[in-house]
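Quick heads-up: it's one chain on its own, the form predicted on its own, in structure tokens.
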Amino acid sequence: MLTREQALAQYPGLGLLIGGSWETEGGRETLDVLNPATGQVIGACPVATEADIAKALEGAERGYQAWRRVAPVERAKVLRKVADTMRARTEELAGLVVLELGKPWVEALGEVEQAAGMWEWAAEEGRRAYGRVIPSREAGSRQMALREPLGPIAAFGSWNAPLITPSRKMAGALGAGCSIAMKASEEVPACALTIGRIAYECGLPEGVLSILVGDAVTISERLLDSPVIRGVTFTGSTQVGKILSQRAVGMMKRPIMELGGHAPVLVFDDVDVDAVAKAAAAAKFRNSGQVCTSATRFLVQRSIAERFTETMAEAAAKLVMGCGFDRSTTMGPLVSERRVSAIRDLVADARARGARIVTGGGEPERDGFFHEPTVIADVSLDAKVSNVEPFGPIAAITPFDTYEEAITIANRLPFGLAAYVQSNNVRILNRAIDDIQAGNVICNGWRVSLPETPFGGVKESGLLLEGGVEGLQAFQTVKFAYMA
């Protein structure tokens, strides 16, 4: 395990990765990168210029023409080597996650493994881009459906999973035979940039991958308006996703969107209440609640609601806030003061509407961007936290009486990314899987996304899928071929 001092000493100089070329400041404007556990500046990243974006697009076109012709088995060797290298450099990568995002060390180690697994999966599944032969109507002829790479991809990564999100997009696109130009998050740039440099060290051809940092509007407009780009993949808010999707579709480019959620958790009265409440607290406050699939709306059957609330609050109160490099830390900071302010507003609104703050609700007097893990009981449906994704350490608990009531509350919002059901009644579980409007319904568990499983939302939570076979196919197109 690294210390903070060791991680700071290893923190890389930042730059832009443009088609394999490493570009440092060189007169460009810079953006400060902060350590959220202290609020202190740990680095400065150059801002991509118009010329940088143009160079990335030129590289994407040139790189695509070369990479698409590399045999899938050879592409797989490069991607597998990336996975192996990431695992060999686990402590270095975990240190970047803790420094830039604030995750506790154990969570950061888990993120490295999950991200490496995505490269490994894409390496193997990219070899299986199977087409099919369709029985012909004419003797001596062949009808074939062939899978081909979609083309150069524009990608936009979020900050809350600084290794996982870039890896999912890079590995998926590259595994399908596409090139990719990515805008990395300015909050956590070293994570994505380091993965990109590893990819080139492992044999990725020049031009195939670029990673830019800078003004989101400028970069997105230049990439999406270019005829080079054939698809866009974005992880982030529904509001921004809609804007990007409209622009992409207007240019006939494929939008692959993983957008906001507000995950309901349906807890029925046949469960082991204490065990589920403790597990719920662990899931809720992972990464300080800054997870797009984070359990947020706890709908608990009324007969067990009080006991569930008390047990969850006790578990939350035992969490230790602090620097992710401290062994005792079990919950780190939020990524920025902006997120602290948003959580403060949600708590104040819930309190004003008569909800009960069972534990937390405040901010510790310390450096960095911290907010206490907070459990709120008796939350009304008109409270902001019942309608706005908190993306922070708030668990909002609302009691329900009947199955039908729980499903109605779960489906009332326009979001449908993840949902959770806790019950020992298999009939309830089967009904809930059918009735809940979400792209991912997790029963008696908390883990949503794995390299081999499809991941995406319905309604305003997304378009198409990432991960699994389906994620690879999102970066492919199908060509019909006839031969006589």
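Residues carry their position along the shown sequence, with the first being 1. Note that the structure is a prediction, hence the values are computed from the model and not measured.
Another form exists, predicted in complex with a small molecule; not displayed. Remarks below refer to it.
> Pick the stretch from 233-241, 91-99, 360-368, 398-406 whose residues have a heavy atom within 4.5 Å of the small molecule in the predicted bound form.
It is 233-241 that comes within 4.5 Å of the partner.
> Tell me, which of 252, 217, 139, 73 has a heavy atom within 4.5 angstroms of the small molecule in the predicted bound form?
Of 252, 217, 139, 73, the residue with a heavy atom within 4.5 Å of the small molecule in the predicted bound form is 217.
> Name the residue from 417, 448, 60, 48 that puts a heavy atom within 4.5 Å of the small molecule in the predicted bound form.
Among 417, 448, 60, 48, a heavy atom within 4.5 Å of the small molecule in the predicted bound form occurs only for 417.
> Is residue 186 close enough to touch the small molecule in the predicted bound form, meaning at least one heavy atom pair within 4.5 Å?
Looking in the predicted bound form, residue contacts with the small molecule include residue 186, since a heavy atom lies within 4.5 Å.
> Given that the partner is absent here, does residue 324 sit within 4.5 Å of the small molecule in the predicted bound form, heavy atoms only?
Contact with the small molecule, no.
> Whether residue 132 contacts the small molecule in the predicted bound form should be assessed with a 4.5 Å heavy atom distance threshold; does it?
Close contact is absent here: in the predicted bound form, residue 132 is far from the small molecule, nothing within 4.5 Å, heavy atoms only.
> Although the small molecule is absent from this view, report whether residue 259 comes within 4.5 Å of it in the predicted bound form, heavy atoms only.
Contact check for residue 259: yes, within 4.5 Å of the small molecule in the predicted bound form.
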